[in-house]
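Only one chain is shown below, in structure tokens, and it's the form predicted alone.
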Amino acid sequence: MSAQNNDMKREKFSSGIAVFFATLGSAVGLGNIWKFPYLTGQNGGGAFLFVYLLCILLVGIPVMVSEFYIGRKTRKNAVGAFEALKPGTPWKGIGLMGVAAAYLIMFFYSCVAGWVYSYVFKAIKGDFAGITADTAKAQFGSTVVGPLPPLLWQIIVMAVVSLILISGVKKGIERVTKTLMPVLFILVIICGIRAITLPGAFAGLEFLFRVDFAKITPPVILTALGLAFFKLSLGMGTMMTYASYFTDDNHMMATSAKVALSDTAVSILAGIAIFPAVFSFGMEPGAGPGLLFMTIPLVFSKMMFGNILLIAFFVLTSIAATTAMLSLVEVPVAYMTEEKGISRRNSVLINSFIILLFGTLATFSADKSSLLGGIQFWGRGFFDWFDFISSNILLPVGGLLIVLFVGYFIKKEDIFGELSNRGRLNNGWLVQSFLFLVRFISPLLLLLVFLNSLGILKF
């Protein structure tokens, strides 16, 4: 079936603003509010932020534009897109890697989203009244201890995501993201403003923004690159899948820049909200995955109407988690629907079952006192392995293959035609810059970092 005929049968987002918020909803999620702060805390603060920003500029945006090109050009899922562009070749393996990465991320992401949902419930009950640094740690500890409570919240998360996805692209994904993403921005800004007025807040801001170049090491670079891919939903087929629903007149290069800028702004705002609180309350910036859950209740406890705002914050954080999960689950859903002929409803249900089945391993392994929590392979449990394999291997490798594919195996005139909307946009110099990055800069950086992570190349 041609791309044009396929285009007529598939849903699309209704407008440019819908495209922006849906794509931003994929990028903005727990990676910004949960993962970015704790990885920044573990990897040197400002030094990590500096490397991360370089990764966004030199690698993240070029890979995003490449995925946009492939998705809208073909109007197909992550696997079918490569088959449409290069039929009968191994290139569709990139799409299959993306599907695998989406699964692995969802296995642990659904677990963390369950923690967020549970914090909404705790906040409504008033469990954070009179909270201290010690009780904040105890509250988080009780959240991850199973077996039933964290598993129940994970099931609730997947039920919500499934109901939205079954509704479709416009009535489900678009409606949720376009309505709720702006509110998340407002609440993160409010939280940040209050955090910087706490006693000792300056130490937290200094930690976040002061760059100590001595702390920039190969593991820090690899972690920053993995986070850039994770946060921008790159290398996992999500941006490719969402781009297949883009409008024909969307300025894809402008969309990529706006999404990357907005996503980075949310991450920095989350850091401004969290690190002043960490230093103000004498907590450890390298506390790990529980950092968000231990600091935010403390920040709001110092505010007028703090518990109401805390409820709102975790409601919106749960929404951010949900919108990101929509894009992740949509990758295998679109693949099964279009390549295997399974109905959308059944595809959503099958994928939700698979995610819950393996996600249970992540949920139980996060509880260090449980049987699965004590099982480790080469120093990592199931939760950590799902995260490491997806973020540090599949996403960078997928990104490398995508930029090589677009940079060297797609005709230059085809790229110019698609990115300029068939000549309607006067952006020739931008396309030229993009081609230079995807041919020379992005693949070289990705290759060097990945070879170093494997121990093949030391620097």
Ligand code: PHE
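Please read all numbers here as calculations on a predicted model, not as lab measurements. All residue numbers are counted from 1 along the displayed sequence.
One more form of this protein, predicted together with the ligand, exists but is not displayed; see below.
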Heavy atom contact within 4.5 Å of the ligand in the model of the complex, the stretch among 342 to 350, 229 to 237, 249 to 257, 281 to 289: 229 to 237
The unique member of I105, A270, V116, V161 whose heavy atoms fall within 4.5 Å of the ligand in the model of the complex: I105
Can you pick out, from V157, A324, V188, I94, the residue that has a heavy atom within 4.5 Å of the ligand in the model of the complex? A324
With the partner left out of view, is L328 within 4.5 angstroms of the ligand in the model of the complex by any non-hydrogen atom? yes
Whether L30 contacts the ligand in the model of the complex should be assessed with a 4.5 Å heavy atom distance threshold; does it? yes
